[in-house]
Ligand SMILES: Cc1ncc(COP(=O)(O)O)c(C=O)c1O
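A lone chain, given as structure tokens: the form predicted on its own.
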């Protein structure tokens, strides 16, 4: 029987023909086209070498959503978020999300307008804001607004506008250092000291002067999951104004905590209930429970957002102010955020975040129970915690633990801690929606097996130079990054 050549891609075996026999260039365009199925298989197979996102305990980014959300996103990938006139309903969903967040973060209400509005629009607030590609862009927008408002005040008073500065803890996400560098603002980074791992009120106020455009407080440090004392910082800035006349606004970087504290820590005052808080940023693709990338920037009222930074676009016969660094981007993530708000509501978000927090606390307790770790935080604020090795452990390092867990597919970052405490080497674990108690038990079992094996080493094999996560690396090296 003669040899038959398969020429039709519809009946060819998956791994014959060009895909398996001919080289496919990776650094230049191929000379010939290929069937979409073949291109898919080629790329799909290479991506199998990536780690599993569900087992990635380094990232804050959402790694699971409902299939219905994925379907909505697929249906809206082609809609450009910047084209509000062409896609007015997508713009309307963005506006609804901003309104919902303004209410969630307790912006002042527009009582007079709300009283005259139909029930669907009652509860409106004075907040203004927009979606962004993530909380990093939102933070830069907030910083730019702080700078422009400071410059306007200085010009009105006949004072020079050179050498502005911004005060923040050394534990800030790297986007704030980018903001300072890109817009020529001195970053006054407060180093950590002893067991103080983030900014506090006294250290913030002592670095403020007449050239300070604002103070950044973090509701959920990426280093250890802890909340900074926003209310205390606000009170200290109020006192500073009473004593010296310096009016220094406060921005809250609530990248993760903005979607946790309102549901689990309702008694915690950190948001627009504090008159000192001018603006808030948050990340929809972290504990907002949306795939990347979407963030949110809100200001307590229009006066906090300089008008020269706003572009006005007509949509639905009305006006939609836009304020963003990026232009073209898909509307899918904004649609997905609105889906989550409708799908979960307050009770659903509360249950999801409480489940994550409970699992984080169980994991922290479980790691401490091995006797090999000392928790620095316990996951009882953000569902995030950091541990270091117990004092009597000398056979292995946190980098050995991280590398050993990677053999089982777990991605647990090990890194030197926040600036001025680089002597402290930690493992950090982020618990997100989709990380179940069952997975937590499997992780603990693998940790115990890893410890038993590593304990037989005569000395640590890996040091900080083997860190597979650069969050805590020195800024001078240019390797420090966010999540």
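Positions refer to the first chain, counted from 1. Here the structure is a predicted model, which means the values were calculated and not measured.
One more form of this protein exists, namely the form predicted together with this ligand; it is left out here, but the text below deals with it.
Residues within 4.5 angstroms of this ligand in the predicted complex, judged by any non-hydrogen atom, belong to 171-179 and to none of the other stretches in 368-376, 171-179, 188-196, 388-396. At least one heavy atom of residue 136 is located within 4.5 Å of this ligand in the predicted complex. Remark: residue 415 does not count among the residues lining this ligand in the predicted complex, judged by a heavy atom distance of 4.5 Å or less. Interface membership of residue 300, defined by any non-hydrogen atom within 4.5 Å of this ligand in the predicted complex, is ruled out. Interface membership of residue 249, defined by any non-hydrogen atom within 4.5 Å of this ligand in the predicted complex, is ruled out. With the partner omitted from this view, the residue of 218, 335, 363, 101 that lies near this ligand in the predicted complex is 218 [heavy atom within 4.5 Å]. If you take 270-295 and check each residue for a heavy atom within 4.5 Å of this ligand in the predicted complex, you get 283, 285, 286, in sequence order.
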